[in-house]
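Single chain ahead, written as structure tokens, the form predicted on its own.
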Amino acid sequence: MNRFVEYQIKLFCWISGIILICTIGILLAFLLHKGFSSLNLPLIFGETRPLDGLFLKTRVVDGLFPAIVGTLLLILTSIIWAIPTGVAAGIYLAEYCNEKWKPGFNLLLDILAGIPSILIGLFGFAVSVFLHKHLSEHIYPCFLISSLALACLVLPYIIRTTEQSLVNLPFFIKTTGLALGASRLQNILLILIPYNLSRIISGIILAIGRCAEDAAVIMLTGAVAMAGIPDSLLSRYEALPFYIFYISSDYNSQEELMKGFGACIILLLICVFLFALSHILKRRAAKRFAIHI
């Protein structure tokens, strides 16, 4: 009977895996079928010469180049805001937090992870209105507020990954540095964090994917059409998720809709590139500190 149950569980797992792979394959095939024909230089640079647009000699008005650059800058800036705060919070929860307070912090962290992105976007919009009214009339929804809002959105991934990687460390790893005379802070910074670097990067990879795909936050906090490449943190900007949203909801012809599918493929390629880069860094960190992954 136990063998029969085990066989059924394995069969169910195999079927579930096959369904998942087939679903992803169908979605990718549909996307490529619809958008591959529109992938060309005019889609990215419009009527601007590619080299002029690439080196910012001429502004690209009718292409996706500003949205691509805006997306990459937004992801990079959001991760820069989120990593120090997320890693520090994870270290605090794992190493310094009082056990009586930890359930409360974990509850708050779970609530933050479960907040819909549209609410974070609305909060960012409210912050921009408050700053415009009370601090400076030159502050509007902008790149800075979008990046900070996205950083808040991805903080739970980095915090939880950092915390769990430190909590689940073998006891001898935690205590070796202390036994050799290192202080608690030195033990964390010089031994525990380097040893867990590949696992922390896993949380950063999840954060990158969350930043790249979210449209609800940026559409309320600064992303607009035809804004061009942002020249400061207080500028408005273009981003691929917002372009996909508005082109799919308000297209005037089938050609415009096909451009939306082309933008989806470009966004997917950006995500694949960033994931691959993060994975390479993760493997190098694991190899350097002799962690087998």
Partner chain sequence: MKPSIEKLAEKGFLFSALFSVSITILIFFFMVFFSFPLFKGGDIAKFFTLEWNPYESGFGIVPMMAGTGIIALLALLIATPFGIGCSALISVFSTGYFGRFLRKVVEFMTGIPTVIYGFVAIFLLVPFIREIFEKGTGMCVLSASIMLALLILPTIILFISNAFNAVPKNYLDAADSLGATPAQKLVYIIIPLAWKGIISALVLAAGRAVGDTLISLMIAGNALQIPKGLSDAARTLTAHIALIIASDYESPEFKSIFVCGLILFIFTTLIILALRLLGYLKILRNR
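Numbering follows the first chain given and starts at 1. Throughout, rigid core stands for the largest set of C-alpha atoms superposing within 1.5 Å between the two forms. Bear in mind the structure is a predicted one, so any value in this text is a computation, not a measurement.
Here the subject shifts to the form predicted together with its partner chain, a form of this protein not shown in this document.
Of the listed positions (V69, L234, C264, I44), a single one reaches within 4.5 angstroms of its partner chain by any non-hydrogen atom in the model of the complex, namely C264.
For the options I173, L180, I118, L76, the one in contact with its partner chain in the model of the complex, meaning a heavy atom within 4.5 Å, is I118. Contact check for F105, L108 and Q164: all three have a heavy atom within 4.5 Å of its partner chain in the model of the complex. Mapping the unseen interface onto this chain, Y195 falls outside it, with no heavy atom inside 4.5 Å of its partner chain in the model of the complex. Contact annotation: P230 falls outside 4.5 Å of its partner chain in the model of the complex, judged by heavy atom distances. Shown alone here, S136 lies farther than 4.5 Å from its partner chain in the model of the complex, counting heavy atoms only. In the model of the complex, no heavy atom of G63 sits within 4.5 Å of its partner chain. Residues C152, L155, I159, R160, Q164 of 152 to 167 are found to place at least one heavy atom within 4.5 Å of its partner chain in the model of the complex. Core-superposed comparison between this form and the one not shown: the CA of I26 exceeds or equals a 2 Å shift. Relative to this form, in the model of the complex the C-alpha atoms of L73 and I280 separate from one another by 3 angstroms or more. Relative to the displayed conformation, the Cα-Cα distance from V167 to I280 shrinks by 3 Å or more in the model of the complex.
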